[in-house]
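Quick heads-up: the structure tokens below are two forms of one chain, split into structure 1 and structure 2.
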Structure 1
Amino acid sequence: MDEKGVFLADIRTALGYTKEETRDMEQCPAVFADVDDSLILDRIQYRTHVEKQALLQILQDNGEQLRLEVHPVSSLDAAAETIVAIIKSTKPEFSTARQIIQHDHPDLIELGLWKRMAGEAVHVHTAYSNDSEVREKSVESFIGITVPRWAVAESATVVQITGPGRPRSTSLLPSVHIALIRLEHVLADLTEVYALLGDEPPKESFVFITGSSKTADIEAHMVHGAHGPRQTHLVVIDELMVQKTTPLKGSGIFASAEI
């Protein structure tokens, strides 16, 4: 018997089976039985716009306590304006150069941030999978922009499926993380995330991000920005949203200026 065989034989013996009695999934179907989640998937699919807006409101409320600032906008263009305002009001933490790294996603390319930031001495990098310098660029960047797969209202979480073109470090190394998402990808709760994940092919890696990095290790005193971003923004595009006359005012963007 190989090393794995011996190891598992010991466990089998402990469970009261004989060493030789190898078992597989067929012997314990109940352990792997998944509850039918088609109802959950239907609920997500047939959610109305009004319901989605209600979820967005919950997401916004829950994000507040977790240093996740939610910015509802009505178009990609408005999203770009919001993001530009955040960039302009943020100072770099680890280097003097103002560099930004973004995921390789059509919505982010469409924002055309490099054009918008042209007069600002801000470099905008995109994490193309054929670029061998993405890692260095991410280390140097003070803002990382991503497009998460889903956002979750109940826990104020964004779910990122990571891989080539959408590296993990974009939402980790920079001091500020900005996530851009469309309203249809806002979900109610974690149960919906698990149901959708189970419905898709296996992923290389994924992560649930809930608010900004934090620690309470010193005298239970809450401090944001332990190792990951100190501030997290979620820009949600709702194209059916009635355009607010002053979308930026009072949205709290400038509150983050001192970070």
Structure 2
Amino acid sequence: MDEKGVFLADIRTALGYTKEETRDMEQCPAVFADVDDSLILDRIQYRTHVEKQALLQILQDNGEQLRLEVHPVSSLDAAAETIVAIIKSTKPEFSTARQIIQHDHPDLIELGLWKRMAGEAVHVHTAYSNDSEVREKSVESFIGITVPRWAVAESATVVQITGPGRPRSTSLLPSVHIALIRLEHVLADLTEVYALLGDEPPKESFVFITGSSKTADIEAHMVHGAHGPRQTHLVVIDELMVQKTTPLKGSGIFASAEI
């Protein structure tokens, strides 16, 4: 028996079968049955604003446990104010240079961060697909800003789909990751994510990001930022939300947020 056969035999034994008792797909119709995702897709499509806000609350609660700070805002302009406040209150981890890099996405372009950061000694890069220095700019940046495709309330996960002008390095290399998303793209759970991925398979890769990077390899002591960003923010635009001004947590800087 080869190595694969031994591995499968061990699994059969653990499940209470004999090592020789192999099964085929026809013996397990429920496991291999085609899944009808239409009901899931309908549920997503017809979700009310109240239901979406309930998901946002779950996302906030679960994100807090994973060092994912969720900032509900009522408009792109309010999102820009919040992101600027985060940039101003964050110091670079490895150098004194204040560079940030953002995905080439219409929502981020509309924020006009390079204008809002004028006079702040912050250099704003955009990860244009024809820029041969994107990798170097990502390495030098202390903040990466992206627009994930979805956010999952149940696990506080953002789902990033890569593409031209939207590399994985933007959410991976900088010490701080800021994600911008609209409320209608907040989903309940991974079942809804896979239903949407099955309905419209992405042309390139996708990555699931749950909170900041962390490891407890050494003496079970939790360390954040070991293999990726040590700090993560998710700015959620809810255009039906009533806006008020509130201080950004721990910064002393005021940004538009809440209700």
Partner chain sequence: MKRTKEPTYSQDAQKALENHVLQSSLKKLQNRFGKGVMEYWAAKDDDELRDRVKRRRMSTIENLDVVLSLLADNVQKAGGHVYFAKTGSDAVKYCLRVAQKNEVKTVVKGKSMLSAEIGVDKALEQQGVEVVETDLGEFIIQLAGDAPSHIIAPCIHLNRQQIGKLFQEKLGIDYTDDPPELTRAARGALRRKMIDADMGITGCNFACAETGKISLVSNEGNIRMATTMPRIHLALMGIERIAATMQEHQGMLQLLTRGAALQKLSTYVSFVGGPKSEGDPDGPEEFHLVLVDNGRSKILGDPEFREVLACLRCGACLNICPVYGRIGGHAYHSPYPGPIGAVVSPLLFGMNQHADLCKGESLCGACLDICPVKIDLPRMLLALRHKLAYGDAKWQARQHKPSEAFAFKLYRLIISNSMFYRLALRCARLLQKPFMGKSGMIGKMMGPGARWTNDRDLPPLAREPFNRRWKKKHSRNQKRNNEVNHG
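Start at 1 and count along the sequence of structure 1; that gives the residue numbers used here. What you are looking at is a predicted structure, and each value in this text was computed from that prediction instead of being measured. For the two forms, the rigid core is made up of the largest set of C-alpha atoms that agree within 1.5 Å on superposition.
Two forms of the same chain are shown on their own. Structure 1 is the form predicted together with the partner chain. Put simply, the chain has two rigid parts that turn between structure 1 and structure 2, and the hinge between them is at 34, picked from 132, 34, 121, 65. Rotation of the smaller rigid part against the larger between structure 1 and structure 2, from C-alpha superpositions: 47 degrees. Look at residue 26: with the core superposed, its C-alpha moves 12.0 Å between structure 1 and structure 2.
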